[in-house]
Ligand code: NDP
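What follows is a single chain, given as C-alpha cells, in the form predicted on its own.
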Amino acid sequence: MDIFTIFGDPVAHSRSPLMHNHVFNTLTIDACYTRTHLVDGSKLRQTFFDKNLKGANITVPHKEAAFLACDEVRGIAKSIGAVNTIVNEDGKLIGYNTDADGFIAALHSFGEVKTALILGAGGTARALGLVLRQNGINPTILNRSTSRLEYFTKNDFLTYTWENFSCEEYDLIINTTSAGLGDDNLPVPIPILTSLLQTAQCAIDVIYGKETPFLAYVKKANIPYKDGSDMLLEQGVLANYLFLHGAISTDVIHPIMHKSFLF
C-alpha cells in the first residue's frame, strides 16, 4: 500500500485525508492518506523517508521548509519558493505548488477583481501573490512586521507592516495567516480591518470549515466572501493527480473529491 500524508502544525483539523482517501477508495487504488503533526520543519525530509511515503502535502507553517527539503522543484513553485505538494520519484523528492492554481479557480465566482490585499507573508501568501500578478490582478502584502517581507520586496511587490500601512481601496482582501485557525485572533488590528472592509468588494480566508473572526467581520460588512474550501478542493485535485503520476485525469478526480465535502 502506498502511504501519503499531510505535514503541518497544527494538522488535526485537516480535511485532506478525507478528500484523498475518498478518491483512493472510489477508484480502488491501494493507498492511504494520513496526518503527520510536525513541529520542526527542518525534519520534514527525514520524516518523509522514515515513514516510507510516496507523497505528501504541506500546510502551515512548513511550505518554505518543504521547498528546501526537495531534490527538485517544478513549475510555479520554483518562483514562489514554497512547496505544498511533494512526490517521491525513485527516491528523489519532487516539489510542486498547487495552491496557486487552486486559488485562481476558486476566485472565478467573484467576477472581475483588479486589486488585492494579502494579509500575511508566508508560503501561501507567496503563491497567491505570484499567481494573482500572473492573472492581471495587482497584489499588495500586509504583514505584522518586516519579517518574511524580504521575498516580496525583492520581487517588486508593494509591502506594508501594521505600523506604516496606509489604507487604500482593494477589491479583494485575502487572509493567509493562521489567525482564527485555533484561536479567536484577527489577522490585522480592528481599525485596519474596519477601514479595509468599507471599500472591499469581496474577501477570502484560506482557513476552511469554520467562520473565523475575520470572516465574521466580513459577514457583518455584508461583503461576498468565501472560506478556503474551494481553494482546498482545487489544490487537492491537482495534488492527487500528481500523487498518481498523471494516471487519472483531473476531470475524473474532481467530482469524486468534491463529494468528500458532503461527509
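When you see a residue number, it is the position in the sequence shown, counting from 1. What you are looking at is a predicted structure, and each value in this text was computed from that prediction instead of being measured.
Although not depicted, the form predicted in complex with this ligand is the subject of the following passage.
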query	finding
Contact residue in the model of the complex, from 164, 135, 153, 185 (heavy atom within 4.5 Å of this ligand)	185
Answer option from 181, 104, 94, 113, heavy atom within 4.5 Å of this ligand in the model of the complex	181
4.5 Å heavy atom contact, residue 145 and this ligand in the model of the complex	yes
Heavy atom of residue 64 within 4.5 Å of this ligand in the model of the complex	yes
Exercise: residue 85 in contact with this ligand in the model of the complex, heavy atom 4.5 Å	no
Contact of residue 208 with this ligand in the model of the complex (heavy atom, 4.5 Å)	yes
Interface segment, criterion being heavy atoms within 4.5 Å of this ligand in the model of the complex, picked from 232-240, 42-50, 216-224, 24-32	232-240
Stretch 82-121: residues contacting this ligand in the model of the complex, 4.5 Å heavy atom cut-off	99, 120, 121
